[in-house]
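Only one chain is given next, in structure tokens, and it is the form predicted alone.
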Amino acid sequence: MTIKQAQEEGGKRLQAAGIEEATFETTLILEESVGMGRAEMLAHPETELADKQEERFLALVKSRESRIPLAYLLGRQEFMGLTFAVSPGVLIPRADTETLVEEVLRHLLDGMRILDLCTGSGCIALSLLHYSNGTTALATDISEDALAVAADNATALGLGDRFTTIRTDLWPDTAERFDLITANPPYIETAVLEGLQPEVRDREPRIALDGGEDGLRFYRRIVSEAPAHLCADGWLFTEIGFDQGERVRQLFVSAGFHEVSVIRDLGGNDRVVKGCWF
């Protein structure tokens, strides 16, 4: 099988399986299997795959046909220009979440202390640390698997000395207050979960998706309890679902936050709510 034949075969099979970006994902699988970059493969489409390369390629295509997320198959996901290890124990970082990181960076000053709730892979906190100086972060999650992945990512990015994890249900048991709190909590309504793509519904951790009957279960806790963990003039940032902006904004306002605003992502959807605690 040549590179060209593999691209055609993989694309055909993934398209038949309902994969939206079948051609693009086939290219990524080929890169992983052959160990060549995209440009090199385009320049040498008649290159024959070695037996082990072909075996690896076909095995990955078969797994992707069964709707295992590509990020889990590759073991990594790009986010904010960085590479994060991922496993089935953590939510796969999404491009939409970069809106949250970019908004926090507008407020982040060197030396600040960050609390990152529901950290998962650690992509939010670690991106903030990477793009700042002297900042440190405490990351919490209820999942031991997620915290292990986050700690490995911190080490891989050279940020292990600025990043600490605690297993807990949202809040750490500490009197410390933080300059910034970030959170990407579960926010999908329970009744909506069954209608999600199979990759999400069947493969990503349900605990990281289910936001309760109205999707706001975690926001109520986070917004009401955050003031006890914020410094004066500290900020709270939460990622939200595209249709939750006004409801979450009202939670912020009712809790006494100031300068509350809803930020949209590149697609024009509400994506982040932020507020300052005076």
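The numbering used is simple: start at 1 and walk along the sequence shown. Since the model is a prediction, treat every value here as computed from it, not as a measurement.
Quick note: we don't show the form predicted together with a small molecule, though the next part is all about it.
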query	finding
Residue (of F178, Y187, F163, F79) lying close to the small molecule in the model of the complex, criterion heavy atoms within 4.5 Å	Y187
Selected contact from V104, L129, L91, V149, since only one has a non-hydrogen atom within 4.5 angstroms of the small molecule in the model of the complex	L91
Options 106-114, 91-99, 137-145, 167-175; stretch whose heavy atom lies within 4.5 Å of the small molecule in the model of the complex	91-99
Non-hydrogen atom contact A85 with the small molecule in the model of the complex at 4.5 angstroms	no
The small molecule contact at L157 in the model of the complex, heavy atom, 4.5 Å	no
Contact flag, L73 vs the small molecule in the model of the complex, heavy atom cut 4.5 Å	no
Contact test in the model of the complex: L230 vs the small molecule, heavy atoms, 4.5 Å	no
All of V200, A208 and E239 with a heavy atom within 4.5 Å of the small molecule in the model of the complex	yes
